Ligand SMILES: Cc1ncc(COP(=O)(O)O)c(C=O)c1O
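A lone chain, given as structure tokens: the form predicted alone.
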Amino acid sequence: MLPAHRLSHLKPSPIRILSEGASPSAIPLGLGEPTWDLPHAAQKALHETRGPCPYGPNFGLPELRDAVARFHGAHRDEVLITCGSEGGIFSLFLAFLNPGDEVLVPDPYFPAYTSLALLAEAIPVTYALDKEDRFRLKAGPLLAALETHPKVKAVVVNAPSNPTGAATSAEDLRCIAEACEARGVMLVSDEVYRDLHYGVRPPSLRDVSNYGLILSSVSKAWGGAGLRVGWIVGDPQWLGPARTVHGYAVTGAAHPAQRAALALIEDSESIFISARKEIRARWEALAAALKSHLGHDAEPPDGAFYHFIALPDSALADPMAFCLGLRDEGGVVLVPGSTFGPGGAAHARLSFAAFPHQITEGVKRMAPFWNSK
């Protein structure tokens, strides 16, 4: 039996292929997952789990929905708990996109945006991020794409971005929200990295508009990637159909994981202080190593733990082959920027979520590949 035609455009994630095929001794600068300990609040909640382990309601535990609502300045009925933020975007796309509908996504983009659009039999259309301004999101290219693609039914923005770490301004976000609202287009703002910043918290869609939907999760700033708990915040009219899809797909996020997520959100202030210290230490290790081994002067991203590094000329003809060689011969896992769309083809994503000593060693191992002619 052949797979369904909806899978004809989908392949396993290159991010996973590069990471899971690496030697145990390779330096892991590929996956975007925190390497610091799961905060004590979540550990305690998991340890104290007692009695039955029920499914829980499809919308998520009421206490967790209340906590997420308070965090975003929303109401409980504006919150749907999902299996990670990808569970949220999967549910929204399957609930609202018909075959042939178009979805605007940034370029470079997180690969799940295009893959899940294709799974919904929609057509992903890219809009350019500002390469001259460190790939920051600007309203102009997105609004131009809206004008030239009348079949657009959904728009995704992601700031701070995976893979670039670049954010946007409140004014650009406001312009985008107004344009989407005027057209009745679903606007989804992926804000999972917003609280992993370097001194200035990037704006949220909810700061500038009541329109659209926010995606987030405890995976990054709260350090709970393996809990697989995320959420959508927005108009209940959007959440109802998404809840139907999510409920049939997975029933709901695991009950103990939701309890742990609740404990994390209730302890957000202290957890964020600690998480920002962790990423600052990792950034400082990366910046020092880049200067020492590659002669690069680097600025921290607006948020997240990604450095979008320009590839050497020798890599441009086949970035994936270059990264496979770097992995297998140099012992360092990086992800080619082409994985994230044509706009990233001359770059690679370096995740500095690894331990500082790994980052230092990883850049040292990278140097011969960058410095060779």
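Quantities reported herein were computed from a predicted structural model and do not represent experimental measurements. Start at 1 with the first residue shown and count on from there.
One more form of this protein should be noted, the form predicted in complex with the ligand, which is absent from this view; the next part is about it.
Trainee: I need to confirm a contact call. Of 72, 259, 228, 293, which residue comes within 4.5 Å of the ligand in the predicted complex, counting heavy atoms only?
Mentor: Exactly one listed residue reaches within 4.5 Å, namely 228.
Trainee: Counting any non-hydrogen atom inside 4.5 Å, which residue from 300, 84, 141, 203 sits next to the ligand in the predicted complex?
Mentor: The residue from 300, 84, 141, 203 that makes the contact is 84.
Trainee: Is there a non-hydrogen atom of residue 190 within 4.5 angstroms of a non-hydrogen atom of the ligand in the predicted complex?
Mentor: Close contact exists here: in the predicted complex, residue 190 approaches the ligand to within 4.5 Å, heavy atoms only.
Trainee: Using heavy atoms and a 4.5 Å limit, would one call residue 246 a contact residue for the ligand in the predicted complex?
Mentor: Judged by the heavy-atom cut-off of 4.5 Å, residue 246 is well away from the ligand in the predicted complex.
Trainee: In the predicted complex, is there a heavy atom of the ligand that lies within 4.5 Å of any heavy atom of residue 91, even though the partner is absent here?
Mentor: Close contact is absent here: in the predicted complex, residue 91 is far from the ligand, nothing within 4.5 Å, heavy atoms only.
Trainee: Residue-level contact is defined here as any heavy atom of the residue lying within 4.5 Å of the ligand in the predicted complex; does residue 113 satisfy this criterion?
Mentor: Output for residue 113 is yes: heavy atoms within 4.5 Å of the ligand.
Trainee: Flag this candidate site as yes only if 307, 351 and 358 all have a heavy atom within 4.5 Å of the ligand in the predicted complex; otherwise mark no.
Mentor: Verified in the predicted complex; spot residues all out of contact, no.
Trainee: Of these, 123 to 131, 191 to 199, 167 to 175, 261 to 269, which stretch puts a heavy atom within 4.5 angstroms of the ligand in the predicted complex?
Mentor: Selected stretch: 191 to 199.
Trainee: Under the 4.5 Å heavy atom criterion, name the residues of 215 to 246 that approach the ligand in the predicted complex, in sequence order.
Mentor: Those in contact are 217, 219, 220, 228.
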